[in-house]
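What follows is a single chain, given as structure tokens, in the form predicted on its own.
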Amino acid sequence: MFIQLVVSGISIGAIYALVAIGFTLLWQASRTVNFAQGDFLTVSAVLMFILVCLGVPFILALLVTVGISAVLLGYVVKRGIIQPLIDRSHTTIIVATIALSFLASNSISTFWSAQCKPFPQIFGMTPYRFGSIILSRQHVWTIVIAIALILAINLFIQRTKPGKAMQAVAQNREAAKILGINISSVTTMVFVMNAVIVVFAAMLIAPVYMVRFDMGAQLGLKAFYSATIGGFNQIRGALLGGFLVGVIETFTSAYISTEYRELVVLVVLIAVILIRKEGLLGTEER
């Protein structure tokens, strides 16, 4: 049972980590906190669900959703909403993303459905058995795909020219501008990357949570907790925070009560902020 709980906690934590990485990338590139992050996940899940219901093969539905989300939730949001506000206060951008969050969830509820919809079990229902250990296919494949995505993101940032430009902007925007790096283009690329990451997070969580208009609200909030606990300005911090929150929730539900799982995470969040305000692996910023 312990091993099953660990796998389950890492599985949900991997999804939190993916969404938290989006928070971290946006903060590093543009000093923007996107509180519509969870609702971007909802939009992606709903779009994918509609395409599958229309008879589109799942892989094609995933690719189409990636393309639409990259344009709509990445490029259009950056150019149409964030860019005009980028030189104003952080509060203005935060309020704009909160408004975008409500707009997305309310639009889905009004124009699509307010009911829960079961998402196809893309990995199958038969569990894996290893002796007395029974592991859900969903949990195992979620971990495998999430780790593959995390490694791909890391390779892109560390080994490619656009990735190195992202690092330069994250470390020192003024120096990057002097070196000839187009800050606006890099920021747009990060928003597009974030939109793509969110699509894969939606694919992994939708079979578990089912598709509904508010499914991303709690997920986005928990990803925000994860990024804060691990370190908001470090990708490795987002990873640590995501896995930690997932494992804490799972073990609290199993050994104490499901009613207290969010309470325990919040206690950990407050404790980390009081002891180390930049997070467990974060670096201090001015």
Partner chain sequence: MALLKARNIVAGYSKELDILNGVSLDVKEGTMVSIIGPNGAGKSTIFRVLFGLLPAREGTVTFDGQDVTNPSPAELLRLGITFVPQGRHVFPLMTVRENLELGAYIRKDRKGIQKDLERVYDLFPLLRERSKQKGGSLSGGEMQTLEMGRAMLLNPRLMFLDEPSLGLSPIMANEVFDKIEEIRSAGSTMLIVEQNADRSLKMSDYAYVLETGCNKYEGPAEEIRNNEEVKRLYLGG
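Residue numbers count along the first chain shown, from 1. Given the structure is predicted, the values throughout are model-derived calculations rather than measurements.
Below, we refer to the form predicted together with its partner chain, which is not included among the displayed structures.
Its partner chain in the model of the complex comes within 4.5 Å of no heavy atom belonging to residue 87.
Taking non-hydrogen atoms only, residue 234 approaches its partner chain to within 4.5 angstroms in the model of the complex. Its partner chain in the model of the complex is not approached by residue 135, whose heavy atoms all lie more than 4.5 angstroms from it. Heavy atoms of residue 79 never reach within 4.5 Å of its partner chain in the model of the complex, leaving it off the interface.
The stretch that touches its partner chain in the model of the complex, counting heavy atoms within 4.5 Å, is 163 to 171, out of 163 to 171, 68 to 76, 197 to 205, 91 to 99. Although its partner chain is omitted here, in the model of the complex all of 158, 176 and 181 have a heavy atom within 4.5 Å of it.
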